[in-house]
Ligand SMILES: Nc1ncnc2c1ncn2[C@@H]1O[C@H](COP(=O)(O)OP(=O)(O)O)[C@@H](O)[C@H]1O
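Before any questions on how it binds or moves, here is one chain, the form predicted on its own, in structure tokens.
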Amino acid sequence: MNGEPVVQVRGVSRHFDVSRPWLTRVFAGEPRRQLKAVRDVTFEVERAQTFGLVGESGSGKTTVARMVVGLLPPTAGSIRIDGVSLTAPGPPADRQRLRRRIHMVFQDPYASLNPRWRIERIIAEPIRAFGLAHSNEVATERVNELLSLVGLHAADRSRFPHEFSGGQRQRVAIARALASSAEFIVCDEPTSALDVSVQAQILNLMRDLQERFGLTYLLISHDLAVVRHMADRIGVMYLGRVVEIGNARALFRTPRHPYTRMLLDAVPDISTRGRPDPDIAGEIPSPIAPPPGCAFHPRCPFAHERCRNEVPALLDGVACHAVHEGRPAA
């Protein structure tokens, strides 16, 4: 525990080969096609804090999440968690110890739970996999404790996932994440499949557990209201790149990138009741054939010639030529 950030993501990119079969390409004279899902993403997550990654569907958020937990290898860049590299060769024992401390909570709690397993087996699986209980009795006692911790009853351990509501299933998923004493949890749209009232309960549970155990979260969401409630720092992604990053309060108070403002303008506000909600103009382009220059320029009201030809660097927390040059962007 040397005071450095728990998670360090440096220049991470991920490309997928979406080419048609080789023989088909030969006859059609087609080149290989690359889908650049994530491009040169850099951020850090401090211990016991929440870093929110936001953006529209197709911006690359989930791909980043899967790389951070080791489900996908990056095409380029480096990822370090508590000083252990996920992208460079290292001692297998370090990787094994790290695996126990990382967990992921998925968007659909039903799809992430084995429907043929009872809740006790689902939660106890990481306990047994990492050798954290030396007997079935100890494992059962730990399952009971975890169920109570997430607001369920010990008797629920004998039930199957289909016998629970969506919010209860997500509580089970959180209990499973805590079963291995995980310290870093990646939450990929953890409340988007739930009713609004249940969303608030799950988010409050996550906050309470974070304060109690010092958990570190990477929160993936397209819902800015959720991120505002949870995050200490926020990164805004657009078509695979981070276009703005900074302290959550400052970003919500004074957003700088035109895309961030567009997202915030689309959040329902009681002060605008009776007026039509503003729509986000246009659609996110295809990552297979992204626009040249700044990928946001086809939708940006402040785009100039430089925006159409040159990719803006992320300087002082924002990647926007208009902001860097002091041009009007408000």
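Computed from a predicted model, the values in this text were never measured in an experiment. Residue indices: 1-based, along the sequence shown.
Same protein, other form: the form predicted together with this ligand, not shown, and the subject of what follows.
Colleague: This ligand is absent from this chain, but in the predicted bound form, do Val18, Gly58 and Thr62 each have a non-hydrogen atom within 4.5 Å of it?
Modeller: Verified in the predicted bound form; spot residues all in contact, yes.
Colleague: Heavy atom within 4.5 Å of this ligand in the predicted bound form: which of Ala37, Val68, Val41, Val45 fits that? Just give me the one.
Modeller: Contact with this ligand in the predicted bound form is made by Ala37 alone.
Colleague: Pro287: heavy atom within 4.5 Å of this ligand in the predicted bound form?
Modeller: Pro287: yes, in contact with this ligand in the predicted bound form.
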